[in-house]
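First comes one chain, alone, set out as structure tokens in the form predicted alone.
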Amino acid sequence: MPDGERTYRRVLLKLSGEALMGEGDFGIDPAVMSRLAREIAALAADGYELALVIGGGNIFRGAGLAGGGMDRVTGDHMGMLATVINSLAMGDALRKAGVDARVLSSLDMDQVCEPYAVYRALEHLDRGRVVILSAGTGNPFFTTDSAASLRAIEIQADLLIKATKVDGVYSADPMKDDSAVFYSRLSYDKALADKLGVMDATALILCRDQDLPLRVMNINDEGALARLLKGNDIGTLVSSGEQA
């Protein structure tokens, strides 16, 4: 597809750790990882510049550990390390799919992956590499949603995609409420005011204030990611200018 026809060139994809579990209760499903890697590899080969942020909820979740009595800062650091584990696994899967992928970490661990710096991420993207940005922001009390918003802004992404297990944003949990209304378009202000659970408030405010569009979509819908980037109206678009 010629660049002139593209709405988006550089994209940050936020994957939840749970998206990697498949039908399991924890950990990584190799089949799911391989499918995602193939889809991302095809997009990279098509000329899209791709960055990924992957959560760690399939291994550890800092807030949950803190709720069980662990010190919150310690729990959050464990959660950050879980995101590194997922990122290394995705990097390996992407390389096996023929992609030059690099894992960058907000925590210093030079023997495992590269340290994160904006200039380094941009250099990799400019050279056609997929970058996987791990360890959140490197700070406790910040979610990987906030990290995804921050990194998307730093690398000057055209779009932030939050890939979930549902096909977009609803007025309520569609698994529990049959009357839940699906939003194809949504403003950041409404998402914040109605507490729709799109992302945490810090992440939403970052996107709103920097006018960064956000798409929420179902990553389990095979091929949906490619259809979205090729112009199809997939999931929910959250932006500053759109009203629900």
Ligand code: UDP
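These numbers were taken from a predicted model, which means no experiment stands behind them. Residues carry their position along the shown sequence, with the first being 1.
A second form of this protein, the form predicted together with this ligand, is not displayed here; the remarks below concern that form.
- Taking the partner from the other structure, this ligand in the predicted bound form has a heavy atom within 4.5 Å of a heavy atom of Gly75.
- Although the partner is absent here, Thr83 lies within 4.5 Å of this ligand in the predicted bound form, judged by heavy atoms.
- In the predicted bound form, at least one heavy atom of Phe142 sits within 4.5 Å of a heavy atom of this ligand.
- Phe60 belongs to the set of residues with a heavy atom inside 4.5 Å of this ligand in the predicted bound form.
- Of the candidate stretches 134 to 142, 168 to 176, 89 to 97, 152 to 160, only 134 to 142 contains residues with a heavy atom within 4.5 Å of this ligand in the predicted bound form.
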